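Okay, so here's just one chain, in C-alpha cells, the form predicted alone.
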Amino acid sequence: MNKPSYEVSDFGTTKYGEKARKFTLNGAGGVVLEVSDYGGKVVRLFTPDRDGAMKDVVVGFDSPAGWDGGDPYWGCIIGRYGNRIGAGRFTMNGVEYKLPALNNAPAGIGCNLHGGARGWDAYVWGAEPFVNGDDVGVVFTHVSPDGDEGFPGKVEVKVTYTLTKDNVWRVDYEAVPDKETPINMTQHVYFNFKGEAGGTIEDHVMTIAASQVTPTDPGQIPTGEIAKVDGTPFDFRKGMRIGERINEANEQLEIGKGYDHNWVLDEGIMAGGKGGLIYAGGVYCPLNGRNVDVWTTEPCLQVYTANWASYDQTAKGGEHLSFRCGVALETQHAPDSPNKPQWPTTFIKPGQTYRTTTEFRFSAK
C-alpha cells in the first residue's frame, strides 16, 4: 500500500478570467485522480488493468480551454439541477419560475439542462486538499446566489472528493439553501477503460440494477410513465455489452441516438426501496479487466453513451475523440422531477440539508 499524498499545480485561466488549479491525488491503493477546482472537473483518472498497467480512463482536456471551447460537461460537478427541466420552467408554492431554456436535441424543444447557461460546472470553486489517514481528497465549496440562472434562493454548497486505500472514489454532496429551491447534483465523468482516446465503449459490459426506466418525449423530457425494461434494449440487469442492442429499431433509442436515459434503481426510494447506499450498476472492459461498480444514495441512474457530443474536439495527448467515446453514469433524482409531483421531490426547504453520496469502486478482474 502506498502513502496517500497530493500535489497542487496551476491549471490555466477560464474564459471567465478565473485562475484554476489542478490537484493530483495519489491514492494509497494505487489509483491516481487529477481534478480541478474549475467545476470539480476530472482531468485524468489512472486505474490498473488486470496486469497492473495504469492508464487514464476518463475523457477530458489538458486545460480549461478544452472545456470552454468544446463539450462543457466532461467530468464536472453538475448543479444546481442536473439533467433536464422541461420547457425551462417549474411551479413551486404557486409561483412559476422561468429558467434559461436551451435548445434540446433532437427535437429542437427547449429545456433547462444541467443548471442553465452557466451552471455550477463553469465556476472556479474554493478548494482545500487533505490527507486523512489512508484517505486523500479535496473539499470543494461554492456559493450560488439567489436568482442564479433563474433559480430561487442562495445555496451554500460543499462537494468532497475522497480517494480511499481500497481504490474507491467517493463523492459527498451537501447543499444548504436559504429559500426553497430544487437541487439535483451529480458527477458527469465519462469512462473509457481502454483509455481516454481508446475508441468506442460499445464493447464494454454494463450492468444496471434497475427493472424500470422513465421513457421520454421527443425532447428527451420524461413523460411521467415508469416502464418495465423486460424484453427491451434497456434491460441490463444481468450485464450486457453496451453496443449489443444500442442500434436496434426502438423509439427511445432513436430519440436519444443511443442510451441517454434514466433508470429507476430497484433498491432506491423511487421504486419503493429503503434507500441508503445501494448498488446502482457498473461497467467492465473484457479486453483488460478494468471495472467500476457504482454505489449511491440516489434513487436513479442516468446513463449517457456520448451520442450528441461534438467529435471535432482534440482530447488529451492530441488524440481525436470518436463517436461514443465514453459512458457517463450519473447518479441523481429523475429528470424533470420539479414538474412531476408524483415522483420523489427535489425541492429542498430552508433549514434542510441536501446530502447525497456516490462511490465509484474501481477494480480489475
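Residue indices: 1-based, along the sequence shown. Just so you know, these numbers come straight off a predicted model, no measurement behind them.
Just so it is clear, the following notes concern the form predicted together with ligand BGC, a form of the same protein that is not shown.
Undergrad: So which of P100, G289, G275, P72 reaches within 4.5 angstroms of ligand BGC in the predicted bound form, heavy atom to heavy atom?
TA: Of the candidates P100, G289, G275, P72, P72 is the one lying within 4.5 Å of ligand BGC in the predicted bound form.
Undergrad: Scan H204, K194, H142, H114 and let me know which has any heavy atom within 4.5 Å of ligand BGC in the predicted bound form.
TA: Answer to the contact question: H114.
Undergrad: Tell me which stretch of 300 to 308, 46 to 54, 319 to 327, 60 to 68 has a heavy atom within 4.5 angstroms of ligand BGC in the predicted bound form.
TA: One stretch meets the cut-off, namely 300 to 308.
Undergrad: I'd like to know whether D121 contacts ligand BGC in the predicted bound form, with contact meaning heavy atoms within 4.5 angstroms.
TA: Judged by the heavy-atom cut-off of 4.5 Å, D121 is well away from ligand BGC in the predicted bound form.
Undergrad: Please check if D260 has a heavy atom lying within 4.5 Å of any heavy atom of ligand BGC in the predicted bound form.
TA: Although ligand BGC is absent here, D260 would touch it in the predicted bound form, with heavy atoms inside 4.5 Å.
Undergrad: Although ligand BGC is absent from this view, report whether Y190 comes within 4.5 Å of it in the predicted bound form, heavy atoms only.
TA: Y190: contacts ligand BGC in the predicted bound form.
Undergrad: Does the 4.5 Å heavy atom contact test between Q220 and ligand BGC in the predicted bound form come out positive?
TA: The answer is yes: Q220 has a heavy atom within 4.5 Å of ligand BGC.
Undergrad: Between G318 and D71, do the C-alpha atoms lie closer or farther in the predicted bound form than in the shown form, with a difference of 3 angstroms or more?
TA: Relative to the shown form, the pair is farther apart.
Undergrad: Look at the CA atoms of P72 and A328: state whether they lie closer or farther apart in the predicted bound form than in this form, given a difference of 3 Å or more.
TA: Closer: P72 and A328 approach by 3 Å or more in the predicted bound form.
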